[in-house]
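This document opens with one chain alone, in structure tokens, the form predicted alone.
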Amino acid sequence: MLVLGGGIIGLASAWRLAQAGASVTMLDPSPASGASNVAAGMIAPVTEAHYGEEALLGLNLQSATAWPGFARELEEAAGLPVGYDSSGTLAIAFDPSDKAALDELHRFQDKLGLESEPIPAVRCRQMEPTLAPSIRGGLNVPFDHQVDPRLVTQALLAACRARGVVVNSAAVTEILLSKGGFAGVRTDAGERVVAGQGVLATGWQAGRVQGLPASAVPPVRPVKGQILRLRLPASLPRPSRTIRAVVRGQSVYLVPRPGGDIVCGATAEELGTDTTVTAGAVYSLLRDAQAVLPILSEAELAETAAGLRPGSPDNAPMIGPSIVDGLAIATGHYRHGILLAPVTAAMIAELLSEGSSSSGSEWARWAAFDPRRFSGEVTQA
């Protein structure tokens, strides 16, 4: 069994497959890096709910529910922390127009039966005293949590190795086929690695894979996101939970880490493979973050980074069988890669384990995420 890609999706899938008894080799020249390494780690199905994405919301909720157990199991398997934090999320409106937008979001959340409590500005500041006095109100969202992606990927790498997963640092240059089915890969070292089953989990680069029929290549693209890490002096107070704010119509999030850093992001830019950190993005993120938390004017700008999320044509992930026998697809998670890692890994392990079937009721439920929907071979339920 080959797992192509060592981001959070590839690592989690390799771990679950090894637990199911498969002999697994994972190929990635730099595992536990990539987009996972610059993600904020929000497990936020409620505040990430969007119109027209009700099917995705169901998948997000299922994975968010699985995260506490997944985190405990991973910490035990790896002997390493993952930074899971269930403190909840506070969504903030900066001005009257932002408050109107937040109120509309709450009505949508309420219609979907999601737990989201409107609270006045004074209570927001009681919950988070460092908030600006000018904020207009917010939503208390206790179900939206966070985890530290850098800790998670390192723990997954350790858990994979403990389970006997072979980590091959070669880059895959071509997928090999035999009689129309998956037969292995060729690497940049000229090595042929033979296997009867594989998982394509290389993020946005899955859209550039060589060796597959054109209709089997996932239509995934890179979407640039820039983030900052801010570090307040130890003597100053800091937020105790994730803060997601709308500031003059722009979204910004602030995610506190136990070590004292605050992750601030994120942009979404359709700029191909460019990963330049730009002055404009840094400025706008700092401006909006400081508008919500004025104390951040005292923070050190500890890190700037940009990553490439894998986006799909319908902004939904591709999880399941490809049109090539023996090859599963796990990519296109866009802004939900961290959130969806547990459920994606479970689905891939079920699909490729002996006796599993992609036609069962659970798979029928998630037909909207079948990778074959773009080839015209699957009719969505």
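This structure is a prediction, so every number in the text was calculated from the model and none was measured. All residue numbers refer to positions in the sequence shown, first residue = 1.
Absent from the display: the form predicted in complex with a further copy of the same chain. The rest refers to it.
This chain is displayed alone, yet in the predicted complex one of Leu102, Ala306, Leu286, Cys124 has a heavy atom within 4.5 Å of a further copy of the same chain; that residue is Leu286. A single residue from the set Pro96, Gly190, Gly280, Pro129 has any heavy atom within 4.5 angstroms of a further copy of the same chain in the predicted complex; that residue is Gly280. Partner proximity in the predicted complex, defined as non-hydrogen atoms within 4.5 angstroms of a further copy of the same chain, places exactly one of 115-123, 298-306, 175-183, 138-146 at the interface: 298-306. Shown alone here, Gln290 lies within 4.5 Å of a further copy of the same chain in the predicted complex, counting heavy atoms only. Contact check for Ser134: no non-hydrogen atom falls within 4.5 Å of a further copy of the same chain in the predicted complex.
In the predicted complex, a further copy of the same chain sits beyond 4.5 Å of every heavy atom of Cys264. Of the heavy atoms in Thr273, none are within 4.5 Å of a further copy of the same chain in the predicted complex.
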